[in-house]
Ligand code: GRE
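Below, in structure tokens: the form predicted on its own, a single chain.
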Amino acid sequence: MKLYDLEHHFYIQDTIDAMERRQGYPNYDPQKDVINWFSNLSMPQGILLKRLIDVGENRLQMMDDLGISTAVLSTPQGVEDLDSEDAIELSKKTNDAAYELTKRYPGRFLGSAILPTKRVDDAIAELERCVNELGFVCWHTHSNLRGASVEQDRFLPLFKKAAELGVYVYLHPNLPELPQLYEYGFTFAGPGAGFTIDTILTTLKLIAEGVFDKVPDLKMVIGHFGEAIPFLMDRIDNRFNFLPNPKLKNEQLPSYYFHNNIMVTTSGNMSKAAFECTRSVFGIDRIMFGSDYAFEDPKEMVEFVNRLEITEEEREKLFFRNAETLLAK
């Protein structure tokens, strides 16, 4: 059975070098081998960084061992967070590196564009290059851009361009700019709580701002079985509909957009209950496989899906058919 991995991360060495030179945040401290996201928030790297940079035969062997036929390469947070000039240069270098991998290993890797998102005109130009010249399938962005958030009006032309080019947007978590979360360290501020909080807020703000009504052909993907939104979906619909509120610009209930514009992946969530809730609320046609490599163990992710008590048709949809539908322009 084919297997598409929709969340499969990598860094180029240039990005780490740029973060090592950087005086502000984020920066990389090679002596401590940590990325300092803020003055009081650091993330140990170790084997993680080595795996992110290693995108050659070792990565391909791992994919072969797990039966991953095709992976969409994406760049984690860091590049979009950098100063604008660095972001422009590193975006192009990262996208060129991803393109070379798609050429070196035909059919095994697909490219997603990392963009200098804060400079919208430059980001649009780079997205056009990535799609029209490099054949990329996605724009990979984050739930906040350090001082900016993608639901703001100034980013609407970028979403319109993605829809016009026929590529989807993968909205990946970033550390929320909420210092009250930082006192418990990266584990809590990031994957333990903060990532989910920030991605839920950004996704719902995109809906509330009417972005999907203004760009009805826009396709978006979020990870971790929808970042707890399936569990909250009925209440979100109910409260959005509770009282007329001119600040809510969405023309449909929030759940509408998860059935028409937004899909989710398994990435980093190996809870049977979470899967069953997501399938019940969104349907199996809205779920795809994502490993969240190298931040998760892809072997455990594949084994989790294989253990799910679902039909073969459902497993095919989750492993590759839904991804092929999304990727078809």
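Remember, it's a predicted structure, so these values are computed and weren't measured experimentally. The numbering used is simple: start at 1 and walk along the sequence shown.
FYI, the form predicted in complex with this ligand isn't displayed, but the following is about it.
**Student:** Just one of 281-289, 37-45, 24-32, 256-264 has heavy atoms within 4.5 Å of this ligand in the predicted complex; which?
**Tutor:** Heavy atoms within 4.5 Å of this ligand in the predicted complex occur in 37-45.
**Student:** Does at least one non-hydrogen atom of D5 fall within 4.5 angstroms of this ligand in the predicted complex?
**Tutor:** Contact check for D5: no, nothing within 4.5 Å of this ligand in the predicted complex.
**Student:** Is F195 near this ligand? Define near as a heavy atom within 4.5 Å, in the predicted complex.
**Tutor:** Answer yes; at least one heavy atom of F195 falls within 4.5 Å of this ligand in the predicted complex.
**Student:** Answer for P76 alone: is it within 4.5 Å of this ligand in the predicted complex, judged on heavy atom distances?
**Tutor:** The answer is yes: P76 has a heavy atom within 4.5 Å of this ligand.
**Student:** Answer for F186 alone: is it within 4.5 Å of this ligand in the predicted complex, judged on heavy atom distances?
**Tutor:** Result yes; F186 sits at the interface with this ligand in the predicted complex.
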